[in-house]
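Only one chain is given next, in structure tokens, and it is the form predicted alone.
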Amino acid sequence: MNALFLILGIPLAGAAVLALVPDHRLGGWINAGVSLATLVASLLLLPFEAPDPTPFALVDDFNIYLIVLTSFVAFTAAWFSAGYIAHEVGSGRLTPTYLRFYHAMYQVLSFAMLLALIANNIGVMWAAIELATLTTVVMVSLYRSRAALEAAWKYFILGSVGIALALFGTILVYLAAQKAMGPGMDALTWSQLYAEAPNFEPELLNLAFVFLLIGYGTKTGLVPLHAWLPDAHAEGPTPISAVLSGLLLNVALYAIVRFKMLLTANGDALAPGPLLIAMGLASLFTAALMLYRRRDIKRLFAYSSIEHMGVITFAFGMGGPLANFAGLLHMALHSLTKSAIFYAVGLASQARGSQQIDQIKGLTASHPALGWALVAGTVAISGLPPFGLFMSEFLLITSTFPRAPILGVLLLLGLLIAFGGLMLRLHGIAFGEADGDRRPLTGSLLPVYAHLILILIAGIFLPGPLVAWFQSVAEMVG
């Protein structure tokens, strides 16, 4: 529990300190240092047995891996941000005051995401995700342009509607548990809910899951609840786009999967799989087709995030040890890959002074280290070997075809459509005719390559303990 105290306490203390640091450059590196300290604290959970749950804190195999993943990507995003975001002051897009606010809110966002993962109370988890929503709304609007304010407003409205529906679903779960558990905190506590789930009222549980799927599905960016996501990614600061895509979507999906586990444990409740499969395929196909019409590079990869959240949702909808394993692996590798891509995209946009794809050409000639990193990231996110996402998609496809051949065909077709859209755009960005612009990069490429190395290793070799860990979680998810 000392580790949990540090994991949650370090970001909160860091936010308070960063709100008072006047030097934005120093603030950027303090932000990275605080995130590194949080990562170190999260690693303390790995070598030991999970602590016994308390009424407010739960650590098991499922959320340990997400806590570590969230802390790691939050650290690399803060590391990248230290150099990248300072350039925004020099370019006139941000003021030092806004940047000080940005660094403080970054740590509040980290705290909110980690609290949502650690919470053993479904009400606390809801409040943490709401806090993360409000924090990111403010950060998306940081540039104060008309487009940024519009994106933040859209995110606020859709996110608030979604989180309100999730609250209603949370209340219905509490009511469904009354028959077996009576009133009180136990009926809000995950560890207690799992033990008594077979005795819940199935009708209320069914209704609750519909509201929860719509509510948290909005935060996950699932179609048709995705309208906020491309705007928020395109108009917010690039490090926040990386955190949104790589982390916050995972946190919302984590909530959905936790509630799915309650329905699975109740033999009289509806099977949640078909609902997840339908929304997953709808997200996959919608996003895959939209990739062909994007002109803004950040919007392009925002739709790619919708595509991959659809794939992961589909995997958990199929269920079973192999599909769940593929979904868990895909969650981790998508986070690493997409955050690396957004880091690279942010540098490319700063180097060319535009997010428009037709203004970003020939990066492998003008900025070779950046251009080839973006090529590698796009190849990886497209699901090609030797990167790890090939393995997770291959496992999902091979587990789907024997059980539901038609769904397997649809999944494969959606992935192929998305692959074509990304390759079509990548050709010009990486290998088109360079315009001769060789402005120096304003941020470090080390976080990009650190992520790419990890996903390359995952595509070649997964350590035995990690495989056993994912297998344990896959069995738990059901």
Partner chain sequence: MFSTIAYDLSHLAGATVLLAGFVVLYQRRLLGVFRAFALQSLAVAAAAAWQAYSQDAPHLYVTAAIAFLLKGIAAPIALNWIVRRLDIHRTVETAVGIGPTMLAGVGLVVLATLLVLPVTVSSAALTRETLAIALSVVLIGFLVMITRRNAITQVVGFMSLENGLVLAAVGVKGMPLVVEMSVAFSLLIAFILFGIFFFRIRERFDTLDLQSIESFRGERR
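Positions refer to the first chain, counted from 1. Note that the structure is a prediction, hence the values are computed from the model and not measured.
Just so you know, the form predicted together with the partner chain exists too; it's not on screen, but the next bit is about it.
In short, of 290 to 298, 249 to 257, 363 to 371, 380 to 388 it is 290 to 298 that has heavy atoms within 4.5 Å of the partner chain in the model of the complex.
The listed set Leu275, Met261, Val375, Leu204 contains one residue whose heavy atoms approach the partner chain in the model of the complex to within 4.5 Å, identified as Leu204.
Exactly one listed residue, out of Ile406, Ala195, Ala271, Ile157, brings a non-hydrogen atom to within 4.5 Å of the partner chain in the model of the complex: Ile157.
Contact check for Ala265: every heavy atom lies farther than 4.5 Å from the partner chain in the model of the complex. Looking at Gln356, you'd find a heavy atom of it within 4.5 angstroms of the partner chain in the model of the complex. Contact between Gln178 and the partner chain in the model of the complex is found at the 4.5 Å heavy atom cutoff.
Contact annotation for Ser141: at least one heavy atom lies within 4.5 Å of the partner chain in the model of the complex. Taking a 4.5 Å heavy atom cutoff to the partner chain in the model of the complex, the contacting residues in 173 to 189 are Tyr174, Leu175, Gln178, Lys179, Pro183, Gly184, Met185, Leu188.
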